[in-house]
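Presented as structure tokens, the chain that follows is alone, the form predicted alone.
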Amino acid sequence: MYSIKINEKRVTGKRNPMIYGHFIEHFHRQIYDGIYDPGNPLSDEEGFRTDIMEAMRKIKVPILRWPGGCFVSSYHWKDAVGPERKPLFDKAWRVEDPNTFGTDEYVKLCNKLGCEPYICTNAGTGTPEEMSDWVEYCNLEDEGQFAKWRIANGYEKPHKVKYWSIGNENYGGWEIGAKCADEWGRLVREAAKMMKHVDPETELSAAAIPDVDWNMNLLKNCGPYLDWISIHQYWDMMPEVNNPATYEQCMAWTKNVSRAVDDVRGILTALHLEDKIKIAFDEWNLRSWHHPNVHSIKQGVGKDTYVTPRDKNDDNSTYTMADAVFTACFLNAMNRNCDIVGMANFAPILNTRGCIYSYDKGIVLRSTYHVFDLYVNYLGDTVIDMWSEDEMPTLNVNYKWGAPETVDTLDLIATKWSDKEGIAVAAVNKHMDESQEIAIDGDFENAKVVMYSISGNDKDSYNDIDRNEVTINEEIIGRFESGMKITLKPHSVNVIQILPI
């Protein structure tokens, strides 16, 4: 048994709801034949799938990053506004995009969802002027040709897009318009300067990696202009070969799930920028997207070699309790680092590796969707002190490439709410086979205990059309007593609420 002690009077941080953010890109079926599907009986009069939007509203999507991703580095936004749309050959993903879903449709979607828009700009083939023109179109009242163009397109009031990212993964050789560190620092500085001149209230991010040289160059050049620094990470890399890691292999990656945050925090602190610039972990997922023969020097010939294989991303049996448990561990880490991490965006929200899968007649809520449901709707917004005098139980697993690793079996955080009484503990049991028992010590009088859990029948449980193995289950445990024991099922994600009676 592992005993934890909680002191709700000691607050360690208050999380920004944007750490539960999401991302959507013009890739495969995320936009077209996804959220935007005019003519489908499930779509509204403007072409948006109502069932998908309802699912997104349930997890209170706070912010939605768009349009990429790698897509954005050859995307010119002006081709996708107004009545005359120019189709785009997307050089990142090698397909034609009709440009029928552009800036205005995206902002309309965000308004329907009640979330903040977060636009990622083209820093590959684009220019600082093109980026600042985009801010003009979205945010100016009526000055200049681009605000007037928005008005002529039927949008009299500004879109008021507050959050903007300069570029995507421009540090990577796979990205169109990749830059070296010196080039990147100069481009970001000039883009940020022009964007802030258009709208000083915008909050700007720029692409970074946990690399000292890259980030030092970026922050020395651009620190005064930036509000955020953007980092991305996928752990189970499968761009060329779709060979998902097993449950046990995925648990190995929970060992240092916040390492990128730790590295970037150190650089910000060394430059005395930790109070000015926050981390946006604005693209993350356990498993990378499968897209063979496009990010390689030798390109696929024939769509059956580079487009059709993308359907493998939508094999729902891939998204098991491994994905749910890893996602919960990641979100726990972001909550623990909520003083420096103000945003995180699960990539993507729909189809591909998303937490929602759509087909022509409905949707499937994958295991990861229910983790967001738990954390958004059942967990508190204020992280409080929790500790233990016991030795943490451990689990021996192997990485996908074979190296052994020892990881903590449990991952726990304690929270409370800023607008009501009570506490909520997120408790993850990573063990594939064995239950774990915890005891909670605390001064909570006249309180009841309710536990909400995700576990499935086994570690490989998943949801699909006509298959619903992973859901949230409620258990009324009873009146709280200090030292009370609670059993966590194997491979489970749990939120334990202690609420006043």
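All residue numbers are counted from 1 along the displayed sequence. What you are looking at is a predicted structure, and each value in this text was computed from that prediction instead of being measured.
Same protein, other form: the form predicted together with a small molecule, not shown, and the subject of what follows.
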Checklist entry - Heavy atoms within 4.5 Å of the small molecule in the predicted complex: which stretch among 100-108, 76-84, 289-297, 210-218? => result 289-297
Checklist entry - the small molecule isn't shown here, but in the predicted complex which of W149, Y225, Y378, Y234 has a heavy atom within 4.5 Å of it? => result Y234
Item to check | Contact residue in the predicted complex, from W284, W93, F372, Y163 (heavy atom within 4.5 Å of the small molecule) | outcome: W93
Checklist entry - Does Y359 reach the small molecule in the predicted complex if we count a contact as any heavy atom within 4.5 Å? => result no
Next on the checklist: I'd like to know if E169 sits close to the small molecule in the predicted complex, meaning any non-hydrogen atom pair within 4.5 angstroms.
Outcome noted: yes
Checklist entry - Can C70 be called a contact residue for the small molecule in the predicted complex at 4.5 Å between heavy atoms? => result yes
Checklist entry - With a 4.5 Å heavy atom cut-off, would you call W387 a contact of the small molecule in the predicted complex? => result no
